[in-house]
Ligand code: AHQ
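We begin with a single chain expressed as structure tokens, specifically the form predicted alone.
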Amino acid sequence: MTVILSTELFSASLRAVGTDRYHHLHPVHKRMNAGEMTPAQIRTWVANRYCYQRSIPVKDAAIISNCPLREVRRTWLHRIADHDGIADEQGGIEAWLRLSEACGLSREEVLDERHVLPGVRFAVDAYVNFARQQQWPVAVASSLTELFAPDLMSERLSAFQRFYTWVPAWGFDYFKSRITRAKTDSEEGLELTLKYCATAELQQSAIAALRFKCDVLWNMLDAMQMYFDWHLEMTP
């Protein structure tokens, strides 16, 4: 029989998922942060990551649509505006498009997703469908990769500024904003997860959901790694 974890142990179990499953350990990220990627590879990563970025508010809308609690919907709603933008604030998707342009991609080719690899699209679609089909507290838990994101974002920004000097600084707004916003969002998501995953079954489902999300991010990079390796093999 599964036992309900204490708040402290449940929180520790969630945080432990990122120790060996978060995508900061993936070879693609290690190469990126070491300054070992070519401009073409950086552009491939940016274009494919856009497929994920534009799906984040869709995922969050699915969570809201499944949640019967007004106070939770009000708490979660800002995430859609954060990425889609509202009024004069452009939002995270626009910031990512600016990064794309800074890296030498046209807005049109990013928006039409002509460079998105099938494996990346499959992983992103799987994540959105997961959020639609799961109980909302479990879907919230899947967002807790944000617990591990601020340090990664700081390292990524530092790597771009140090190694990829061909990218102008005005393209880094997304990285800069997520360093602080990911911390706030992760604390918010963790609080909801700890409060509403109140049974042993929901706790275990939440931990599994976070593992699944880590697998989504990892598989996106696997698809890119295979693409990079194929291009190397095809180069005379």
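This is a predicted model, so every value here is computed, not measured. Sequential numbering from 1, following the sequence displayed.
Not on display, but discussed next: the form predicted in complex with the ligand.
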Margin query: Counting heavy atoms only and using a 4.5 Å cut-off, do 73, 130 and 192 all touch the ligand in the model of the complex?
Written below: no
Check: Hey, in the model of the complex, does residue 100 get a heavy atom within 4.5 angstroms of the ligand?
Finding: no
Check: So in the model of the complex, does any heavy atom of residue 56 sit within 4.5 Å of the ligand?
Finding: yes
Margin query: Given that the ligand is not shown alongside this chain, does residue 174 nevertheless sit within 4.5 Å of it in the model of the complex, heavy atom to heavy atom?
Written below: yes
Checklist line | residue 121, heavy atom within 4.5 angstroms of the ligand in the model of the complex | finding: no
Next item on the list: Check each of 117, 152, 81, 105 and return the one that places a heavy atom within 4.5 angstroms of the ligand in the model of the complex.
Entry: 152
Notebook entry, point to check: Can you pick the stretch from 193-201, 46-54, 64-72, 163-171 whose heavy atoms fall within 4.5 Å of the ligand in the model of the complex?
Noted result: 46-54
Item checked: the ligand in the model of the complex - contacting residues of 128-147, heavy atom within 4.5 Å -> 143, 145, 146
